[in-house]
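Before any questions on binding or motion, here is one chain by itself as structure tokens, the form predicted on its own.
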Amino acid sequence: MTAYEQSKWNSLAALLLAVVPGLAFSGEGPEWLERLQLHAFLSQGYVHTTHNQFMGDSEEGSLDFREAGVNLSLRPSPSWLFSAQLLSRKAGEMSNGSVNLDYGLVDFTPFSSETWRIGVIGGRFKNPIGLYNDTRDVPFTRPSVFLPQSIYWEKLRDIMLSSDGGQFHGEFFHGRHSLLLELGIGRFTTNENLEWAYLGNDWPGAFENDGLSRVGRLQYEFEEGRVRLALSGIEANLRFEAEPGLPTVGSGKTRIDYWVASFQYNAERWSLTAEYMREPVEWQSYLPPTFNDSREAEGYYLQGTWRTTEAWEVLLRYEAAYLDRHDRDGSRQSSLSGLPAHLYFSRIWSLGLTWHITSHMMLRGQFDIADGTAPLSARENPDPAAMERHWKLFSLLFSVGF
């Protein structure tokens, strides 16, 4: 860790330690203060891989995976909610640990009754994709150190994470059944990670939103979450404006549709979760013309968790991802690009163990056996010829939250 990175980490830690004592205030205060909620979390991860790089120099053992956040919410009346979260995230070469606004929104719900509730959100809101994207940054809300990369790609995190714009939401209840509809429109955050993922490099130029993106989720729940079914998706357009004279790739557009179908069953001691993803991607108007192409990525996983006691939880998961569902072994894409075929697919078995030390403290481990390197970022692995098809990953994550 550099001195600059250590300074940023210490500054955020000091911020958390400064605000936490405010949770324990006593005595009477203003009425609005009683409706104020403040939460925070800190986590430190360790990642080791037998080959390839993930979250830093993981072949040597990496501590470059850290998360810290402070979130604040205020509900001055039943119809209004103000909420925001500051987040610091260090993730190898993909995120430098700077403090950013994770979300900051105003939620106005003017229509509500015992059977339905309708409202709108304005500001920076979390994109409702799949079952975990809304809360993926909070370690206590996800089932493993890393979410399945077949759906929740770390290298595509920024396009999926949040949008600046507006969202409609409606909830409808009938007996043991509930239905949630969320529809949003806005602009998501773009950075070099998306350029590495969709253009293969950080080219001189700007890779930005091309108009507004649309995102939505329809979710059904039975018996307050015993069964959950959802269909969600995001439609995004990106435009690359190349610097004049760039010989390798010219300006062009990238269209992305990302769809996820989700299922979850929750029993008293165990849960079963499955999700399936399709992602049609199209590159248009790039120069040279050979860069223009289209493909349809595919990903899925099946995951089981077993809560052996109140303190211990075991996870077993299988996942698979293909950058082109019509070229599952990567041979066609390899012949066109001259790159190894294993860059275009992955199949991963994961075993996880979580120890809830207290209600505010957690230690989690995960062991992955991987065939293929599709989830890995080219930004962290700039030499594809040096990557290994078969690799293993061991990770630990210690988290505290309040």
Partner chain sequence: MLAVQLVVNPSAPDTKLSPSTVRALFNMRLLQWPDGTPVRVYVLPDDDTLHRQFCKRYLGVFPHQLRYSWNRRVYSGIGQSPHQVENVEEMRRRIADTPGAIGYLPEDLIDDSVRAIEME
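These numbers come from a predicted model, not from an experiment. Residue numbers count along the first chain shown, from 1.
Absent from the display: the form predicted together with the partner chain. The rest refers to it.
Figure note: of the listed segments 316-324, 207-215, 235-243, 165-173, the one touching the partner chain in the model of the complex, with heavy atoms no more than 4.5 Å away, is 165-173. The partner is absent here; in the model of the complex, the one residue of 122, 78, 280, 200 having a heavy atom within 4.5 Å of the partner chain is 78.
Scanning 86, 302, 105, 256 against the partner chain in the model of the complex with a 4.5 Å heavy atom cut-off leaves one residue, 105. Contact with the partner chain in the model of the complex holds for all three of 74, 134 and 310, each having a heavy atom within 4.5 Å.
Among residues of the shown chain, residue 141 is one whose heavy atoms approach the partner chain to within 4.5 Å in the model of the complex.
Although the partner is absent here, residue 180 is a contact residue: one of its heavy atoms lies within 4.5 angstroms of the partner chain in the model of the complex. Contact between residue 34 and the partner chain in the model of the complex is found at the 4.5 Å heavy atom cutoff. Within 4.5 Å of some heavy atom of the partner chain in the model of the complex lies at least one heavy atom of residue 226. In the model of the complex, 117, 121, 126 are the residues of 116-130 with at least one heavy atom within 4.5 Å of the partner chain, listed from first to last.
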